[in-house]
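Here we start with a single chain on its own, the form predicted alone, put down as structure tokens.
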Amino acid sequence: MKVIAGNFKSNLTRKASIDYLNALNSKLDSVFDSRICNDKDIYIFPSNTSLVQNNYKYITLGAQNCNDSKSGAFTGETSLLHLEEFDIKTILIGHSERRNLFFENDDICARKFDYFKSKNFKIFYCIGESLEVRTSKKYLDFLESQLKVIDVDYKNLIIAYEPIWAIGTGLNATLEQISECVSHLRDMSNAPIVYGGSVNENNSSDILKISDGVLVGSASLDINKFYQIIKE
């Protein structure tokens, strides 16, 4: 079974997100059987203001970000209390945009990981190297350092490898580059390894042959493109 996930980031309104989810669920109803329904390995991460009840037949909803707290004086933050209202039990941690734009370092990401591990969440833990690290030839060591701060044996872990230089840039890592890093990460953990970084309906088939799934960014905003990726 492959993991197919879409990260909407700060796109689509609440209404647009709900319309999308309903339409995608209907499309999948005509294709998938009950086995797929039970596994629910299709994930959507809408913006936090677009979270709704996590009761879709084929889709599991997740949070793009959350504070490591039940609730409290954390102005502007989403806390566990808000996710519980919608029965959300899946979260992205360590996405490069959270690390680079909001200064979430390894310590912060590890703290969030430990908190949501204690709540038995499905955790998509994102790692990836910059172009500078890639050209330094030390990228495998860098990826190892990002994983050393978490429990790589956690049963509900999914590792998302996203080279920063290939996210939203239109640049694509070669299949050889992806395969090398995925193979290296498999030596470190038994968790599924999914790939993200300019994944689209044209390259997903090849990427799915060498990884355990994909984390799709901008291409997931187009329901027809995302549906095509799922069919692959």
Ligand code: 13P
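Numbers follow the displayed sequence, beginning with 1. Only a predicted model underlies this, so the values are computations on that prediction, with no experimental measurement involved.
Not pictured, yet referred to below: the form predicted in complex with the named molecule.
- The shortest heavy atom separation between residue 22 and the named molecule in the model of the complex exceeds 4.5 Å.
- Interface residue remark: residue 198 is counted as part of the site for the named molecule in the model of the complex, having a heavy atom within 4.5 Å.
- Within 4.5 Å of some heavy atom of the named molecule in the model of the complex lies at least one heavy atom of residue 9.
- When the named molecule is considered in the model of the complex, residue 181 lies well away from it, no heavy atom lying within 4.5 Å.
- The stretch in contact with the named molecule in the model of the complex, judged by heavy atoms within 4.5 Å, is 190-198, chosen from 50-58, 173-181, 65-73, 190-198.
- With the partner removed from view, the residue among 207, 42, 28, 166 that has a non-hydrogen atom within 4.5 Å of the named molecule in the model of the complex turns out to be 166.
- Residues of 199-229 placing a heavy atom within 4.5 Å of the named molecule in the model of the complex, in sequence order: 199, 215, 216, 217, 218.
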